[in-house]
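As a starting point, one isolated chain is supplied in structure tokens, in the form predicted on its own.
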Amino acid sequence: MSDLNPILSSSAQSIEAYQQAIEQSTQAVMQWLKQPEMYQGKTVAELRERINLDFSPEGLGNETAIARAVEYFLKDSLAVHHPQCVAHLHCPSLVVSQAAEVMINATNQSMDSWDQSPSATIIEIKLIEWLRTRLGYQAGDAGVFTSGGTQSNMMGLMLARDAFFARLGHSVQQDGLVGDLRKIRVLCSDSAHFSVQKNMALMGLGYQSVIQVKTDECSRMDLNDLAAKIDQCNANGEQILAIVATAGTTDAGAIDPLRAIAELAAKQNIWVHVDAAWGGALLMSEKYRDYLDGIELVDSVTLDFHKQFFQTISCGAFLLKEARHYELMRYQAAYLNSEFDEEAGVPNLVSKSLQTTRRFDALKLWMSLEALGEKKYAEIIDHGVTMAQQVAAYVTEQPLLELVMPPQLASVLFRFRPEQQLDDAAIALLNQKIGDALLDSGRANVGVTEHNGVTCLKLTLLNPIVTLEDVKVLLSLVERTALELLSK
């Protein structure tokens, strides 16, 4: 084996190389964490010019390769832990989650069979059991860790589809889709995540299968319009596979009326999937858990832990109310989940997942729960929701800022409203330019989005160490940037 890059193993040479590489990388990260800037401010063009792939035939060795990664990647990375980095559902990570990544990467367990991940398999199963209890499902282990919300939503929609056809006596798994597929429908709010459309397209049913339900002034699904859309589908002879409710829309953080949606769907035997990729964090909350009232009634749920659970990317989960529905996607392969092993009680996770080879991401959540405890975890989750309420109150007091809608989770939608008379298009363009200018300067990353046709700025306040004073500094920076743009 070459001296330059030995495989991680038990040899003294390998262990020494590992220690040196990890130490060099760790030292670089610690230096990067100390830099005051949120971002070094390089443009797309500058980064394209700066970053070149020119691999040496002989190799550079670990030390040089790491040094180059520090120079060309680390130094130009966005500091998601920075108090002025608030554009997206992109959280800073817990220290213990970083420690978990070291173990996950070094052991390289694969979750597709027990004999590739023995202790990891048991830990994931037990954590799924615990999550089901927090959700309000009955005892069981129907669920699996995923790469995130899009994959979890895919599983919910796919099982909803296959369960629908199974009720008609048809197996999609065995025989494929049948019938007039253009009459298949999924209902979601007009503020639901784009992965609903994306996944329906991937399943061969197209964007046309998705019917968007109107939302109220707070971006929550309108129950009257939902009922009307269901009636219209029935009148048209269309087949409703599922209703996708959202617990935490991307911009507004809106949570649909889950209990009422579940009760309405139950009357017509319609599968309900809840995309709680963001709002699912409130399962841990001491103050806001009631926002998720009724979630225990639905058929499947998406959770993301790389949002307000503060885990490193990626880390999500899919929970299924009734384990029997997993039979709809079951496939047996002698080399992974043989009948012999199952009869002997060997756990099998591959039949619960869209992935085969899969990381042991559950370790991050388990270690975080152990390290913080449920009370501390609840506090850092609740911090963001409470902070958003405080920031909204502050915004309403500022003459040049306008609150676009009241906060519901940990996001605040607002816009700069100048004293001089400008039309709506000019105000919209100004707010877009504010967001762009802040990122270009490397000073802040503020989201730019639309709500009811109004272009606005967005603060996503996930960071539990950010204070109201930090946000006031950011808002002052927004105002100064706006005034600079107006003066040009």
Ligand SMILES: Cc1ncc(COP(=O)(O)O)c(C=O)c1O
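Because the structure is a prediction, the values reported are computed rather than measured. Start at 1 with the first residue shown and count on from there.
The form predicted together with the named molecule is left out here; the points below concern that form.
Partner proximity in the model of the complex, defined as non-hydrogen atoms within 4.5 angstroms of the named molecule, places exactly one of 191 to 199, 124 to 132, 410 to 418, 231 to 239 at the interface: 191 to 199. At a distance threshold of 4.5 angstroms between non-hydrogen atoms, residue 383 is out of contact with the named molecule in the model of the complex. By the criterion of a heavy atom within 4.5 Å, residue 82 is excluded from the residues contacting the named molecule in the model of the complex. The shortest heavy atom separation between residue 150 and the named molecule in the model of the complex is within 4.5 Å.
By the criterion of a heavy atom within 4.5 Å, residue 307 is counted among the residues contacting the named molecule in the model of the complex.
None of 405, 96, 262, 89 but one reaches within 4.5 angstroms of the named molecule in the model of the complex through a heavy atom, and that residue is 89. Taking 250, 215, 285, 117 one by one, only a single residue has any non-hydrogen atom within 4.5 Å of the named molecule in the model of the complex, and it is 250. Contact annotation for 245 to 280: residues with any non-hydrogen atom within 4.5 angstroms of the named molecule in the model of the complex are 246, 248, 250, 275, 277, listed in sequence order.
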